[in-house]
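Just one chain is shown here, as structure tokens, and it is the form predicted on its own.
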């Protein structure tokens, strides 16, 4: 049995806390919002996960030192935009070598660092790892079969976390490719916004399939230049996570995209969804990374124009369709 502190009481942090409790681990959940913790203590429910009851054995607290103290594993489950500030708050209470597992998905806009790199910068004494894959909190919390991948610098760490998370309903693979996992996890949210916009415009399955397929091509090209491995992008944290995020109504990125496709502004869509839409923050970072690495990413570029430059969504789709003629894969030889 491990002792685990979940830093962040959103849907994903809460779902993982329930999973880890069911796996037999001692689990605590922390929130920066005392009123959120009080409501969860009183109701033993999360307002965005109404179908589950939070077991009484899961300790809920707004005290960060208590949540971190004597824990074998700390799960970083705050939205990507709060990872750096939360890590800075954690620093005084961190034990040297304490294991911090990031489960948020994003790229830091200002620095263009992955979230594990942000954590390592703020918490140099921690050992970092990541958990990612096609895993909506709404389904994990209900015990529906799910598969993810753990990335870590050391094999021993990845295999330890694999044993911590693994259950009959939560299968976990391991990988050394932390960069590839994190790039796929962050950029799929941008493509999911595009897929949602297409849905909002009334387009069909053909359009979505095109966005998913060309989207993973964009992500893969950039990810390889950043040091990721091609195999990762055809795996769970690449095409797997992209499919589920583009196709499911659990996806806040897709839901926000649908609203934008129907004519909502970005701010109106985010307000309507009522949760952090990670793809909005990742879109600017993805564009900046594409420019920094000299990689063409037309879907990412058009999404940025729609979100931040007021370009009509239908016009953006038209510009994607009317780009210059291309070969699908330049590595394939002709006879």
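All of these numbers come straight from a predicted model, not from anything done at the bench. Numbering follows the first chain given and starts at 1.
Note that the form predicted together with a small molecule isn't included here; everything after this is about it.
Among 136, 171, 113, 208, the residue placing a heavy atom within 4.5 Å of the small molecule in the model of the complex is 136.
When you look in the model of the complex, the only residue of 103, 258, 246, 119 with a non-hydrogen atom within 4.5 Å of the small molecule is 103. In the model of the complex, the small molecule sits beyond 4.5 Å of every heavy atom of residue 295.
Within this chain, residue 252 lines the site of the small molecule in the model of the complex, having a heavy atom no more than 4.5 Å away. Among residues of the shown chain, residue 11 is one whose heavy atoms approach the small molecule to within 4.5 Å in the model of the complex. Mapping the unseen interface onto this chain, residue 27 falls outside it, with no heavy atom inside 4.5 Å of the small molecule in the model of the complex.
Annotated contact segment (heavy atom within 4.5 Å of the small molecule in the model of the complex): 77 to 85, selected among 163 to 171, 213 to 221, 77 to 85, 150 to 158.
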